[in-house]
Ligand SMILES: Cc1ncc(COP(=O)(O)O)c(C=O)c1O
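Here we start with a single chain on its own, the form predicted on its own, put down as structure tokens.
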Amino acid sequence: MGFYFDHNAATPVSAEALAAFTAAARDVFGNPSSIHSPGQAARQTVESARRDVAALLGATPKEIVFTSGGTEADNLALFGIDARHVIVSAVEHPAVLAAARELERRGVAVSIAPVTPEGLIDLDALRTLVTPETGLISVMHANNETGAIQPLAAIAEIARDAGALLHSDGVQAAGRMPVDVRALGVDLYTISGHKLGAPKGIGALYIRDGVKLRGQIFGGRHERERRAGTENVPGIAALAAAAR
């Protein structure tokens, strides 16, 4: 019998999430945007799931946008905010670092905040990087390699003082430790289903009520016009089961 220790890369699908996925794939086949009964059953599944995911994060349902996973949610956060200057930490996941490099290629100023030998962001160095044009700071909650947990509340205070928004990649934290987006002070927070017992291909982005964010996928008016595309109802149902 083998042993699996790579949960930071992907967790096994939990029995609860698999049951929810299977039931939704079999029985909830309507398009959530349709007005007929099968469509409205799918809509009810999506909105019920939104409440469950919001509860996991201490958010309200309307602050949750479903995505295809953590990478899309990170990209939506970084590209969806109009900012002339963005700061990311040196130890971010490639989903954030590569997005930051693309922002820089498009003309956005990007600064890399260093970390201490313990892998924690250097708060004094972060303060020196902030400028009047800083619109977004992105610092992951828990690191996928070291396990270091960043002082998000302190970082949020620096962001607020600068008039900037704070995004955090919470992929390695949500479902493994208590997460309260209000207490953390974050404006945007990323989660990924396959890190907490749901299947691959589903994730979510918390967007604090009042934050203006431009969608990056164009088409229909899904997810309050922040993420076009018919919702992945089985994946969403499974993410909700994992969140519960």
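Predicted model only: the values in this text are computed from it and were never measured. Each residue number is its position in the shown sequence, starting from 1.
Note that the form predicted in complex with the named molecule isn't included here; everything after this is about it.
Participant: If we define contact as a non-hydrogen atom of the residue within 4.5 angstroms of the partner, is His93 a contact of the named molecule in the predicted complex?
Facilitator: Within the cut-off, so yes.
Participant: Please check if Ile121 has a heavy atom lying within 4.5 Å of any heavy atom of the named molecule in the predicted complex.
Facilitator: It does not: once the named molecule is placed as it appears in the predicted complex, Ile121 has no heavy atom within 4.5 Å of it.
Participant: Flag Leu166 as yes or no: does it have a non-hydrogen atom within 4.5 angstroms of any non-hydrogen atom of the named molecule in the predicted complex?
Facilitator: Contact with the named molecule, no.
Participant: Can you work out whether Lys195 and the named molecule are in contact in the predicted complex, taking contact to mean some heavy atom pair no more than 4.5 Å apart?
Facilitator: Flag for Lys195 set to yes.
Participant: Identify which of Met140, Ile87, Leu78, Ala159 has a heavy atom within 4.5 Å of the named molecule in the predicted complex; exactly one of them does.
Facilitator: Contact residue from the list: Met140.
Participant: Specify the contacting stretch among 150-158, 109-117, 168-176, 124-132, defined as having any heavy atom within 4.5 Å of the named molecule in the predicted complex.
Facilitator: Of the options, only 168-176 has residues within 4.5 Å of the partner.
Participant: Taking only heavy atoms into account, state which residues of 51-81 are within 4.5 Å of the named molecule in the predicted complex, ordered by sequence.
Facilitator: Going through 51-81 in order - heavy atoms within 4.5 Å of the named molecule in the predicted complex - the hits are Gly69, Gly70, Thr71, Asp74.
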